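Have a look below at one chain only, the form predicted on its own, in structure tokens format.
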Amino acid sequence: MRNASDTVKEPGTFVRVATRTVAVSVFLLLVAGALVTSTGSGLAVPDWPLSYGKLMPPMVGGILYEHGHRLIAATVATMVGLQILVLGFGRTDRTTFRLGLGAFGAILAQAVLGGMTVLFLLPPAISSAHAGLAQIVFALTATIALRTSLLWGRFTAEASRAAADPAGLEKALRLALWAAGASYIQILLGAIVRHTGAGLAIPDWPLSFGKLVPTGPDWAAAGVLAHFVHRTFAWVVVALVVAAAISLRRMRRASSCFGPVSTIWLVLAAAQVTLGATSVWTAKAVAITSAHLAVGGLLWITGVLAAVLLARRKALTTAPATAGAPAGAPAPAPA
């Protein structure tokens, strides 16, 4: 009996390259946005969708960052839209195609929020929502790139040969989802800190005004609460990432990719804490704060992809046997 997924054509080289290019481009767009906020160029161009009433203003000073960000955003949005055609003509599975539709809808909403941040003079709520939605677009496009990769096919084939512990997979998946969710919350908290100007509300690290916890007079300063919540919740994220990475590593017999992913996850967590501290020590140096945002995005996306892989492995482990299949035959792979 043929499984429904057998009718789906394995993505070709063009589809794999295209989806990977789109995901990388979205990440570069995040970096471009980080440079806009890190250089304080959010209102260097005061109008939208035009720039000083033109399609192409002089690329000098903050205009270079702000208008450059807009040009990159327009290019990437077009690429995300064209990706839908690539997925359709490439005969990818239904779930991947729907992710493509979702990514395009999200990046269009992202463009609208970007315009609103300018038209309403950078309100923190809209600016933070703009940052949060950008990470959703990144997650969607990265998941698409994973599902169309050669790794995805090898991962599926490997499931029929490698033993797996269902209880261990369940625990690892649960921890990965918690770690990814906490990473996303931390991204939102970081966006609030950036867009309320609270990046240096607490000027030292790891202490706060020379103490473990700010005292009465310290809380009176603007931005201290947001900054302290962000740096405190960072340790929650680190704890969850460490627990999830260790649990993932224990599942490496179920898939050869789980070990490397867990190592990358831990390295990114350490790098992110270091960059957060360094951004305070360097009084928010542009390169450091931009790298802090970029690595935060990578930390979040690693959690997302780890969860996707674990969910896939769990589905392959628990899939019911095909009717009429000989005893001991591997279960069919779900789409």
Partner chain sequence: MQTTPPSRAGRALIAPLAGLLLLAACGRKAPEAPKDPAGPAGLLGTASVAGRVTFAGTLPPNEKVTMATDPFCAGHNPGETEIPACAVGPDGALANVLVRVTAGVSGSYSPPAEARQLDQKGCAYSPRVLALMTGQPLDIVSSDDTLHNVHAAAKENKAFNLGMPAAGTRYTRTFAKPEIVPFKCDVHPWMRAWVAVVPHPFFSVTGPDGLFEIKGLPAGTYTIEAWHEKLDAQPFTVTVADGEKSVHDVRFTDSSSAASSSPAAAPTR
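Numbering follows the first chain given and starts at 1. None of these values were measured; they are calculated from a predicted model.
We do not show the form predicted in complex with its partner chain, though everything after this point is about it.
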When its partner chain is placed as it is in the model of the complex, which of 298-306, 34-42, 283-291, 270-278 ends up with heavy atoms within 4.5 Å of it? 34-42
Taking the shortest heavy atom distance, is Leu55 within 4.5 Å of its partner chain in the model of the complex? no
Is Gly62 a contact residue for its partner chain in the model of the complex, using a 4.5 Å heavy atom cut-off? yes
Does its partner chain get within 4.5 angstroms of any non-hydrogen atom of Gly68 in the model of the complex? no
Check whether Leu188 has any heavy atom within 4.5 Å of a heavy atom of its partner chain in the model of the complex, and answer yes or no. no
Since exactly one of Leu150, Ile246, Ala109, Leu121 fits, which has a heavy atom within 4.5 Å of its partner chain in the model of the complex? Leu121
